[in-house]
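So this first bit is one chain, no partners, the form predicted alone, shown in structure tokens.
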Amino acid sequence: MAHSGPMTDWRKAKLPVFAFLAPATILYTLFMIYPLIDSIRLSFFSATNGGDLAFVGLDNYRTVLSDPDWSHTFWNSFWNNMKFFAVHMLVQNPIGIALAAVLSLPRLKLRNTYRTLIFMPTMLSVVIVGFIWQLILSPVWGVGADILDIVGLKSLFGPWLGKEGSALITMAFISVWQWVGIPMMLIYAALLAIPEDLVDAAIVDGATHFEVFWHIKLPLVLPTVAMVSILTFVGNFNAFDLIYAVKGALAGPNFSTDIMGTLFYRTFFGYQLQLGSPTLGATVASLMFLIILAGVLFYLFVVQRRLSRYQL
């Protein structure tokens, strides 16, 4: 009985914490965890002629990955997604780092204005972004040719969105233009957190701003760069809306802009002459989840550990 009072107080102290976390936990489980588990479960079933579900094990995965009618489409969308991700890694993130470095310069005037202007496209609707760039790049009434003519590069202009060889890269650059503000802001915040003493000491020793950034600031923000990279990976393999808004569900021309998100849409819901299949759609969604999970695990157990060792 002597210990009942403190034990009761301890439980009462823990109750508000649980009560605070419960709504978010319930909502996340209801709208994220349950749909994910149910999609994986559905991928092991197939619809019979009577409309019932029959357990087929891994047959749906064999169909998507190796059946001639499905495998070409799946692997085409997968490699297109990898190219889409590569453009973001090689263009978006380096530009984000460079912009963050410039904006962090102490003597830069109007930095808040520049930061706002660069970040503004991220707040625009993807449908609006897609429509604007379709108008700009249209070979009939677009202003893209006139803009290139100002700098003497009009001869390079072409129907980039209409060519199989350039449509996907063009879509990736449009996505980079819209979302480059995200890595810029994350890295900019990390740069501001670097102690000024380190920078001042390097400048006193005669280091230039570029040398300070390359040898001091960049190594200290590498964990943030790695986090931006994995967020880019997850975002790109969940991408759908921009491709759909500009090229439609068929991701033309000739599926050259088809990625995992558009493949899932057509497979699950059907499109034009293609009938939808919830079970095969769930299989594609499960494969997307496994690909993203593999990337996240690689980041957690390989990249993050090396960065932690570097910091130590």
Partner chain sequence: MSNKLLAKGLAGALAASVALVPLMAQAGDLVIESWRNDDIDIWNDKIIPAFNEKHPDIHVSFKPTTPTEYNAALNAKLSGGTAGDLIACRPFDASLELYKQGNLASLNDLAGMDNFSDVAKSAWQTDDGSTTFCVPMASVIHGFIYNKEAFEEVGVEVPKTTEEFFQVLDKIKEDGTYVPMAMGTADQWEAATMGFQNIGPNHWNGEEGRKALIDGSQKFTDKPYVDTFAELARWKDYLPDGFEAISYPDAQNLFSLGRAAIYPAGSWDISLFNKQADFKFSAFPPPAPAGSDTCYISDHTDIGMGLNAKSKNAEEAKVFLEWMTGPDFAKLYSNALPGFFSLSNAKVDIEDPVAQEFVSWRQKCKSTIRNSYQILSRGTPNLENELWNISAQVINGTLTPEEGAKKAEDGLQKWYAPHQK
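Residue numbers count along the first chain shown, from 1. Just so it is clear, the structure is predicted and the values come from calculations on it, not from any experiment.
What follows is about the form predicted in complex with its partner chain, which we do not show.
Contact here is defined as any heavy atom lying within 4.5 Å of its partner chain in the predicted complex, and by that definition not a single one of 98, 114 and 118 is a contact residue. Proximity to its partner chain in the predicted complex, defined as a heavy atom within 4.5 Å, singles out one entry of 250, 53, 65, 36, which is 250. Think of it this way: in the predicted complex, its partner chain has a heavy atom of just one of 61, 264, 70, 45 within 4.5 Å, and the residue is 70. Within this chain, residue 144 is remote from the site of its partner chain in the predicted complex, having no heavy atom within 4.5 Å. The closest heavy atom approach of residue 209 to its partner chain in the predicted complex falls outside 4.5 Å. Using a 4.5 Å cutoff between non-hydrogen atoms, residue 163 counts as a contact of its partner chain in the predicted complex. Within this chain, residue 26 is remote from the site of its partner chain in the predicted complex, having no heavy atom within 4.5 Å.
Partner proximity in the predicted complex, defined as non-hydrogen atoms within 4.5 angstroms of its partner chain, places exactly one of 197-205, 175-183, 154-162, 223-231 at the interface: 154-162. Contact annotation for 198-236: no residue has a non-hydrogen atom within 4.5 angstroms of its partner chain in the predicted complex.
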